[in-house]
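The chain that follows stands alone, in the form predicted alone, written as structure tokens.
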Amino acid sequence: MTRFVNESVLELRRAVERERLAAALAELDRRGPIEVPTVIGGERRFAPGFDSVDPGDPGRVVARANATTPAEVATAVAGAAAAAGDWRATPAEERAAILARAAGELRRRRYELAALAVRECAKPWAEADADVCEAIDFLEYYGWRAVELEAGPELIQLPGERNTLHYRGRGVAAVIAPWNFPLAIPIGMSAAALATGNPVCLKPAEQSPACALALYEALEAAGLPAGVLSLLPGEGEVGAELVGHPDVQTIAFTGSGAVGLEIIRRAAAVAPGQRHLKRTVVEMGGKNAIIVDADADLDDVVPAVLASAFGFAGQKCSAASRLLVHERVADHLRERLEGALETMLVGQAEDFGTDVPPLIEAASRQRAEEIVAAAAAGGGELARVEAMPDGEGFFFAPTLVFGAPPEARVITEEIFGPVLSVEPVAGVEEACERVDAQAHALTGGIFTRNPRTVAAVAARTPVGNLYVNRGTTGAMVGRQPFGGNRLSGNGTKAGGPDYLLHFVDPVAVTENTVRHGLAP
């Protein structure tokens, strides 16, 4: 297998690329709502159960999905368990080849898939295309890493003794995926499990079932055996059934802290007859801060901060939501941020000039509104985009909050919306203390010209990913392994060399090679 290389994003400044994407979106709209079935053992089961809608135009139904029942979950797990032995015995190179062909399917359909992410999740074009690229990357990277893993590490050998260590798939993996990266995250968690020999039961977010169906179709077209992957659309009850099923060995989840902690709690219970401990791989978001030192280049700071806080309307677990600014430059930076904020365009995700698309649903907008209103009532000063689109979309004005009290929700809670609190600090030390006081520790940033400051922050920060003199979003598979600490998650880093270890059990074999002939 050739060495992994990241998939290149489209050059959206080229008119021909914009035209291809627009044509793909028009074709998607022409087709009408996509029917998303429950798929178990290759068999499709469909009856309209729930809809996913366009966040920019909630009257537009993007997909109608089957609501998977508890009985169907049980059938899917049973089928996956039955398929586990053959799939585990399939050589890693063959599994990787299937994932590579699936990556080719995504590459072939990249314009269509980007359009689907735009329509179903309101991802602006650049974000949607990057989502497709990351999905391709996960398939190819994990396949490549699984082949390396199968070879096993080198162990100390002594005369008369042979020691080997190999890894084998654990069994049925439940993948419970979010909507904000509707292609990359579900395929990333699924690809890691599949590459290491585990059958997968995939429960996509109810907001993005059509994107999940496209992923299933890619793996199906690539030759993945029936029964190795089940698609189980539905509400939260489907995920709960998977978590509690005694035949599920591993649970991979990305989503809210409340749900993640409940998954960990339930997975710790051993059901009657269960012969294994369930393993959880749980990513639960963050409350991410960027530190700006007095010597920072504000020409770099302003665009990076706005992109980190307001890109995809702040709906990324890595998005910046706190800006800790050295008091010597705080007033100057505030002026520049407010000026730059006025230039940001809030609009439909399908418009190529949009900076901030709508939020995913009405409940998200309501939560953001409540947090901003509480900050203002507590004495915070607001700067907001004034020009807002007409229509029924779930739009929310990007907001800077200055001077909120320390206990304000805008400072203490994950928002998942385009809201950034700006807080002056006496210096980098105080900024680090504020970061260290948080329960979450996913991403962080530091802007400074001093290498000693970079080293000092890197040595003490609790975050899993620290970005220096750049934005805090956009981790690349194989280049910036991604994952948090503390209440941000319990797993090692996605897109990194250790991630596959979640889905395997190690087996050490020690053989006495001093023999006295061979038995006939």
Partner chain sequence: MLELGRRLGRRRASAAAVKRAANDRTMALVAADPELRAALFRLVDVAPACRGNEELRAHLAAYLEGIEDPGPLASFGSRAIDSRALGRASGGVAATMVRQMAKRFIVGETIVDAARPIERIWRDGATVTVDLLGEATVTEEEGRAYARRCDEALVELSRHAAGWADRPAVEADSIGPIPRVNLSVKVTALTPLVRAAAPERGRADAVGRLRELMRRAAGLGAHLHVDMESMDSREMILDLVLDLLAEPEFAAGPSLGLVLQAYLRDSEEMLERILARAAAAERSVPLTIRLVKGAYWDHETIEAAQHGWAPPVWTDKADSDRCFERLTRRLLDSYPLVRTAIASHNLRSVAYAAAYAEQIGLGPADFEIQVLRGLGDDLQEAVVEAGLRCRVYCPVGDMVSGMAYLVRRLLENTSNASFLASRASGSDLDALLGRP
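Numbering follows the first chain given and starts at 1. The model shown is predicted, which means the values in this text are computed figures rather than measured ones.
What follows is about the form predicted together with its partner chain, which we do not show.
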query	finding
Contact of L345 with its partner chain in the predicted complex (heavy atom, 4.5 Å)	yes
Close approach of R18 to its partner chain in the predicted complex, 4.5 Å, heavy atom	yes
Distance check, A294 to its partner chain in the predicted complex, heavy atom within 4.5 Å	yes
Close approach of S8 to its partner chain in the predicted complex, 4.5 Å, heavy atom	yes
Contact segment among 414-422, 67-75, 232-240, 349-357, judged by heavy atoms lying within 4.5 Å of its partner chain in the predicted complex	349-357
All of D299, P303 and N450 within 4.5 Å of its partner chain in the predicted complex, heavy atom check	yes
Listed residue (R107, R328, R384, H166) with a non-hydrogen atom within 4.5 angstroms of its partner chain in the predicted complex	R328
Option touching its partner chain, based on a heavy atom within 4.5 Å in the predicted complex, out of R101, R336, R367, R162	R336
